[in-house]
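Before any questions on how it binds or moves, here is one chain, the form predicted on its own, in structure tokens.
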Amino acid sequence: MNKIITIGRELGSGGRELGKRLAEMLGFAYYDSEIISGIAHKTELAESYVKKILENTPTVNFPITIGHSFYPHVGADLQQTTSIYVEQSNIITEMADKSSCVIVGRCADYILRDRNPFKIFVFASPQSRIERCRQKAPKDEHLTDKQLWKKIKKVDKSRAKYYMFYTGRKWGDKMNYDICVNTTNASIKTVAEALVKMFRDRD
């Protein structure tokens, strides 16, 4: 069976860079935005639209999870969102079938739970996250620290709602992961090296 690493991450924690480094060090495939591209291709929807749908999860009082055979009556927007999630689950499963891989976000830890992935959650202090986001911000973006932190929290809130909506679990809860990594004042390369050793020792 292929080996899988999934990464959940707070915005600005360096989770995407960590995922790329892990994939490079282990010789695994790396998947992130490729998942959205795959959904767009299979559904014939624009990538920008798919991304918008995934970032704006409807709010209902029950979780929608793969494997349910019955759904209450839902509106067209929720049906569209759920169909995209189902397609996303299919694509993530196909990626895991294809080769050993590192998958960032997209509820991959839950979708692939029966395959026993190595589940990582990455977090960092507010100031560290602000600094990372500022380094990667567009040149024409001029936000104060307060404005940028508000933007970061909004993204995190959306990710938490998305995760809860489809899994029924709390995003970032340490009980849902094999390891939670604090990247505050840490070298992502050094963190990746330590995780590679831990991952190999796991076998």
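Start at 1 and count along the sequence shown; that's the residue number. All figures in this text were calculated on a predicted structure; none of them were measured in a lab.
The same protein also exists as the form predicted together with a further copy of the same chain; that form is not shown, yet it is the one meant from here on.
Asks: Do residue 121 and a further copy of the same chain come within 4.5 Å of each other in the model of the complex, heavy atoms counted?
Replies: Residue-level check for residue 121: yes, a contact with a further copy of the same chain.
Asks: May I ask you to check whether residue 99 falls inside a 4.5 Å heavy atom distance of a further copy of the same chain in the model of the complex?
Replies: Looking in the model of the complex, residue contacts with a further copy of the same chain do not include residue 99, since no heavy atom lies within 4.5 Å.
Asks: Is it the case that residue 24, even though its partner is missing from this view, gets within 4.5 Å of a further copy of the same chain in the model of the complex, heavy atoms only?
Replies: So residue 24 does not count as contacting a further copy of the same chain.
Asks: Is residue 18 part of the interface with a further copy of the same chain in the model of the complex - any heavy atom within 4.5 Å?
Replies: Although a further copy of the same chain is absent here, residue 18 would stay clear of it in the model of the complex, with no heavy atoms inside 4.5 Å.
Asks: Using heavy atoms only and a 4.5 Å cut-off, decide whether all three of 131, 150 and 160 touch a further copy of the same chain in the model of the complex.
Replies: Not one of the three qualifies.
Asks: Suppose contact means any heavy atom within 4.5 Å; which members of 157-183 contact a further copy of the same chain in the model of the complex?
Replies: The stretch 157-183, when checked against a further copy of the same chain in the model of the complex, contributes 172, 174, 175, 177, 178, 179, 180, 181, 182 at the 4.5 Å heavy-atom cut-off.
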